[in-house]
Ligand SMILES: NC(=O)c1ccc[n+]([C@@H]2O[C@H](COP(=O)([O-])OP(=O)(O)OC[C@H]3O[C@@H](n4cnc5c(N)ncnc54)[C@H](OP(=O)(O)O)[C@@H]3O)[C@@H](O)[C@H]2O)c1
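A single chain comes next, written as structure tokens; it is the form predicted alone.
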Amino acid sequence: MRIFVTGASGFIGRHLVAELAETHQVFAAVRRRPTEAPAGVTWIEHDFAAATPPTSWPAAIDAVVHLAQSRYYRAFPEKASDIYNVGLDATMRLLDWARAAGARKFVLASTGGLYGTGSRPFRESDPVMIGPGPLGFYFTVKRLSEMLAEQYTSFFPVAILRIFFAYGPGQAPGMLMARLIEAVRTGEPVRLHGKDGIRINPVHVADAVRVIARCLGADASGVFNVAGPEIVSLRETAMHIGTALERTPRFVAEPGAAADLIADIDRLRRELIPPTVALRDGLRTACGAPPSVRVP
């Protein structure tokens, strides 16, 4: 299969490209080719933030996986055009190019943040709740990109993956799980709202890659929550990290109630593939420690 992957040098993209390159012909779109790159991959340098038409994309493709997002997704309004160009304009260009190039699958990475927060697990049928805040513009662009993608389902199956707190080895330091690991490693206090902090079910990057690969081999279409198999509090997560690092986490209480963000993954399990990486083992790999069992 000829697969075109955007955001191929990003966190999930790096792991996905390495996996797909073993059995598929992969075209990897990046702003700048990485110095350490898997063999057998065709690297295409393209800056989606520039909103310029592509010049070196293949004439024919079987599937597209759109993972790219703006580096400045938190920087609204200063970087609004960058967030828009990478998140929405690029999605439109990719969808139209995929149709013309004969694609038979399209996978769009989105975010579980679209649901807002709540005390029960969110289902794919729940309404999107985008409120004001530092990520509001980014969430709006993500939702609009989903809506664009849904209009192309008459040409090919479109799987929209709302990913919840992906984590694993090599993650950028600004993301939640990476921040927690660094806090425990350095002795900085982990801030908790309520007794135990928010509850989440984060997904290990190995499971996220397996879900994407499954989408490429199936006719799955529509929205899928992509999250881990365990619901844990922030306190429990920090304790797992402390065990992996052989450090005792410090905690500090913050005012206000915890705002949970939990995914219902029944549809993922039923129609695609269940997540299998236990949080304890996934966090050990993220911390640089060997897992107690093999992580698939």
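Residue indices: 1-based, along the sequence shown. No experiment lies behind these values; they were computed from the predicted model shown.
Heads up, the form predicted together with this ligand isn't pictured, but that's what we're talking about next.
- Among residues of the shown chain, A244 is not one whose heavy atoms approach this ligand to within 4.5 Å in the predicted bound form.
- By the criterion of a heavy atom within 4.5 Å, M147 is excluded from the residues contacting this ligand in the predicted bound form.
- A residue is said to contact a partner when one of its heavy atoms sits within 4.5 Å of a partner heavy atom; T285 fails this definition for this ligand in the predicted bound form, lying far away.
- Among residues of the shown chain, D62 is not one whose heavy atoms approach this ligand to within 4.5 Å in the predicted bound form.
- For the three residues G13, S70 and K142, a heavy atom within 4.5 Å of this ligand turns up in the predicted bound form in every case.
- Contact with this ligand in the predicted bound form, judged as any non-hydrogen atom within 4.5 angstroms, is confined among 91 to 99, 165 to 173, 190 to 198, 215 to 223 to 165 to 173.
- With the partner omitted from this view, the residue of V232, L268, I262, A49 that lies near this ligand in the predicted bound form is A49 [heavy atom within 4.5 Å].
- In the predicted bound form, this ligand lies within 4.5 angstroms of at least one heavy atom of each of the following residues of 103 to 126: A109, S110, T111, in sequence order.
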